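Only one chain is shown below, in structure tokens, and it's the form predicted alone.
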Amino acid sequence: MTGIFNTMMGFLTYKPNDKRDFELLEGKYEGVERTNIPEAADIKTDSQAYEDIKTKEDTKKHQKSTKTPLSIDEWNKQKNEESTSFVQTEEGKVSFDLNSNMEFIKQEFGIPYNTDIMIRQFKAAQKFSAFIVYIDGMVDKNYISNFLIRPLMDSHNFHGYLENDTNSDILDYIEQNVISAHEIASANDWKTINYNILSGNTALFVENSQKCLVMSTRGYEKRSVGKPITENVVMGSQEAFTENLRTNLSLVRKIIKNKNLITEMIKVGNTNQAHVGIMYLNGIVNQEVVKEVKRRINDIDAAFVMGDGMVEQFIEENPFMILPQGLTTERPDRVASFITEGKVAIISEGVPFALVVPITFFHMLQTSEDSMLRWQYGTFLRFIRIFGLLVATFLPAMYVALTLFHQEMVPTELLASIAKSKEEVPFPTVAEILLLEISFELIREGGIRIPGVIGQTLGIIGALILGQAAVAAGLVSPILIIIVAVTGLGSFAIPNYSFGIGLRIIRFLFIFFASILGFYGISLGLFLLSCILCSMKSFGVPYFSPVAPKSRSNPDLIIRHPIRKQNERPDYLNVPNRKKAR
């Protein structure tokens, strides 16, 4: 009995893991609410921290035991150093003492643990102690060597300063006479300096100066401008955004050569501090929309924000709506077109997409190619897309409703053919269509994720196994293969990716409604969907504008009028300048 009790206690009692494998245990910060990110210098193991504390305590004891009297000059010097250090830590300003600045940099960036931070010491004009700080891999090293360090070490460039024996700050002289960087600014607060260093700039510190110079030396790798991947067109621009924010902004500015095109930068993400550019055309955009966009972005309180997709989720009106409330595009020409219409573009660094707000339902069915084609061709293509939308959303539900509830609406010959094809299928129609739809979704998702070299294998699996083999095995009927294939083609005709995913989800809801009530269920689902869409808003603009509510708009909704007649901006934007051309 005692042995059984001890065995049970052994199972219930915690024993430390004596194996040498890695185990993530609770550390000293477990359960402690930290409002700030731990400093890089604090990133040490517990044993290292213990050793540091022990060393400091030993040092203090040693200092107490060996403290010697100071002279008046030494005491004043020590007090001045303490005063300088107090100002530096309390107010976050650069110190006069160059060594203090260097020590502060090392402490801030965790040197020597952090090996990416480079500190280059030298003598400016062969006389003044100085150093520069930058991050390896994010700067142009040739530029730093040839246009920063070399002119700074050349004493001939300082003749004016040395001969005049002026008492002015040496950094002012360097900024105006020595360094030829295209973008340079002085800074004296550590927050600004640290952010510039982390952004790929270089900071220059010189002795006896209570500030530093921050120079633009960015030189990290970036992708060149390529063709659009998700928004291919036959006619029109073949340029797409890249992951570099400055490149994306310049692509838009290259199209809109207007002095009123405003670009405002906002930092988001408490940890990664990513830049978000807001572009709009002053004098045309409704400033209330701009204020609302800036307010929502400034209200983002998250550790990591990357790209327009995450920004959209933070700033959208209702996160529980299925359809997107902002339009994502990778085409600069499309962004430029929306900006000239009075909308606001949000471009984030790190992703080759831009977000446009406010938008409506009808924008999701338009492409930039529509404007490049004659109005008859553009209108025809839009009808094709609308037909694709209807097929992708309702065709499987219609098939379920017809075969289960409304057989009298199907021609006799077709009904006989359907019944004959289902003779050997053991599943009900709903299970059969769900099986094939989910299989099709798996193929589509797998086709995006797998490497391109084995893409043919996926095609073979989809065509042979899920097509012929499934029919031969009696798992699905042949006519259902046609239904799902046409549905897939219809979903491919929808130009917006997020909108297409939303409709794929809605399609399953309609299948469910059709399976329980037939056409009445589809009508009920359509009624609910219409109510939801009519209640949606994108930055204050009704999602179904200008149809519901009815308002004046550019005659470019579904039927494209000739381009010379498209001279008005949408009324729902309430822009101060409604006329496009005068």
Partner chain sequence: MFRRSLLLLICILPLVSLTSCFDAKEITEWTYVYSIGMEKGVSDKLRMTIQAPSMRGGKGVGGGSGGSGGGQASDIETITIDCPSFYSGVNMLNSFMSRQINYMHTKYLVFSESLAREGIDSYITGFIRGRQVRRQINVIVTKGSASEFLSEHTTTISSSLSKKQQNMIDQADITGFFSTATYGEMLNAAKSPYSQPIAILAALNNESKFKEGEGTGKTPFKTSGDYYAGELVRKGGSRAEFLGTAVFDGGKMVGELNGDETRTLLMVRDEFKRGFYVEKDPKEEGKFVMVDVRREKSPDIKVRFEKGNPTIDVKIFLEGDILAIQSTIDYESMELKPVLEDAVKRQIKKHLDRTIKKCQDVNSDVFKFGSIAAMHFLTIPEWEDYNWLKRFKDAKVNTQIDFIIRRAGTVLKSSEMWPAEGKKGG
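Positions refer to the first chain, counted from 1. In this text the structure is predicted, and so the values were computed from the model without any measurement.
Below, we refer to the form predicted in complex with its partner chain, which is not included among the displayed structures.
Listed residue that, although its partner chain is not shown, lies within 4.5 Å of it in the predicted complex (heavy atoms), from 368, 286, 196, 429: So the residue touching its partner chain in the predicted complex, by this definition, is 429.
Its partner chain isn't shown here, but in the predicted complex which of 188, 177, 126, 421 has a heavy atom within 4.5 Å of it? The residue in contact is 421.
In the predicted complex, do 498, 503 and 549 all reach within 4.5 Å of its partner chain through at least one heavy atom apiece? Not a single residue of the candidate spot has a heavy atom within 4.5 Å of its partner chain in the predicted complex.
If we define contact as a non-hydrogen atom of the residue within 4.5 angstroms of the partner, is residue 417 a contact of its partner chain in the predicted complex? Looking in the predicted complex, residue contacts with its partner chain include residue 417, since a heavy atom lies within 4.5 Å.
Is there any non-hydrogen atom of residue 408 lying within 4.5 Å of its partner chain in the predicted complex? Taking the distances in the predicted complex, the answer for residue 408 is yes, it comes within 4.5 Å of its partner chain.
Contact label in the predicted complex: residue 516 to its partner chain, heavy atom within 4.5 Å: Result yes; residue 516 sits at the interface with its partner chain in the predicted complex.
Can any non-hydrogen atom of residue 524 be found within 4.5 angstroms of its partner chain in the predicted complex? Heavy-atom contact with its partner chain at 4.5 Å: present for residue 524.
Hey, of 96 to 104, 396 to 404, 369 to 377, 342 to 350, which bit sits against its partner chain in the predicted complex at 4.5 Å between non-hydrogen atoms? Stretch with heavy atoms near the partner: 396 to 404.
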